[in-house]
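Below you will find one chain, with nothing else, as structure tokens; this is the form predicted alone, and questions on how it binds or moves follow later.
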Amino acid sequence: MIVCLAVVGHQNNPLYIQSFTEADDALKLHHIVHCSLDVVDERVNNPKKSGPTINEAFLGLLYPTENYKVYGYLTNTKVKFILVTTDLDVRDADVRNFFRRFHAAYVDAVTNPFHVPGKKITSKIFAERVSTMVKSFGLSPAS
């Protein structure tokens, strides 16, 4: 289950951050997202030490904690997507697929002529689309 999703600008400014839990742990999740930015920077600046190549948008598992797994994705414009999940058995293929769909939704939101580049994403359509993607995350297709 996805508990937090964030879009962070190329200057590490938060463009969109949303918690998907009923509990009052938004501050803790914001801290986890903030800490993961250091891992993203390390992987981008030291590509030889990390697994994925620099041309790969999916950064993979950034780090696990006791209760969460944190995944990252980097766009061509250096915008970072951070996903925090409680499912410790999540497959990389599912996360990759989610990030591809999320990236498409992000592109749709920022290409809106009323969106100001570099500012927070406030589109209700984007929020609804993300909410739908989060609810369907991890549900296997009917086999």
Partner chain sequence: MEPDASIETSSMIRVAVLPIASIPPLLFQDYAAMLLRHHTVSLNSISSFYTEHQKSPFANQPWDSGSLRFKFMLGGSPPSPWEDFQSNRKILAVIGLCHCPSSPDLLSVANQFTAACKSYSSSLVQRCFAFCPGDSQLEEESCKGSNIVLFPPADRQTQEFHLQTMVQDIAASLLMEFEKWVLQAESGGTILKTPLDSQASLSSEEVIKAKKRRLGRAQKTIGDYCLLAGSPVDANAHYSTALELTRLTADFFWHAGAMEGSVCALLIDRMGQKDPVLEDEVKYRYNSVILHYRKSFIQDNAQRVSPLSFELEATLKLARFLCRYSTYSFMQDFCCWTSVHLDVFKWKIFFFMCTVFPYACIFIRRELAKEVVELLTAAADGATSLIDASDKLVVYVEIARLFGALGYHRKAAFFSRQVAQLYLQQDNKLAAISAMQVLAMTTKAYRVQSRASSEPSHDDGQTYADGRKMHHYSIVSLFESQWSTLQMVVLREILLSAVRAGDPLAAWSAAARLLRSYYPLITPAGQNGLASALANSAVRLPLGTRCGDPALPFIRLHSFPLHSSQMDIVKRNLAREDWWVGSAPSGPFIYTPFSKGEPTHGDKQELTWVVGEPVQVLVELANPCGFEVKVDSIYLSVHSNNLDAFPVSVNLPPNSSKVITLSGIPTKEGPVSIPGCIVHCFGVITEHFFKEVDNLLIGATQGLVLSDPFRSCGAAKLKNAHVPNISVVPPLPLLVSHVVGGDSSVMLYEGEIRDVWISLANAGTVPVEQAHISFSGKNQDSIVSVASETLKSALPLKPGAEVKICVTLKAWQLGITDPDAASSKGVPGTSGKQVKDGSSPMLLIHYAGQLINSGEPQTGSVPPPGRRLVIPLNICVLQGLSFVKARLLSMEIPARVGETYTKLVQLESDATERVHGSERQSDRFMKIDPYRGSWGLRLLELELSNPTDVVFETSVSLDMERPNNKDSSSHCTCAEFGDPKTRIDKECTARVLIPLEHFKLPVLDGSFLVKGSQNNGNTGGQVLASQKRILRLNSMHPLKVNSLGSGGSINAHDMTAMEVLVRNNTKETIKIDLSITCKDVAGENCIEGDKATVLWEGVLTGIGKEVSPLQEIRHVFSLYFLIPGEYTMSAAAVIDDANEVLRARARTRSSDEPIFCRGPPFHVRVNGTA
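Just so you know, these numbers come straight off a predicted model, no measurement behind them. Numbering follows the first chain given and starts at 1.
Heads up, the form predicted in complex with the partner chain isn't pictured, but that's what we're talking about next.
Figure note: of the listed segments 71-79, 86-94, 112-120, 99-107, the one touching the partner chain in the model of the complex, with heavy atoms no more than 4.5 Å away, is 112-120.
Put simply, V130 is far from the partner chain in the model of the complex: not one heavy atom of it is within 4.5 Å.
Among heavy atoms of I17, some come within 4.5 Å of the partner chain in the model of the complex. Using a 4.5 angstroms limit between non-hydrogen atoms, L59 is distant from the partner chain in the model of the complex. Contact check for V44: no non-hydrogen atom falls within 4.5 Å of the partner chain in the model of the complex. The partner is not shown here, but in the model of the complex the stretch 1-32 reaches within 4.5 angstroms of the partner chain through a heavy atom at V8, Q11, N12, N13, P14, I17, L27, H30, H31.
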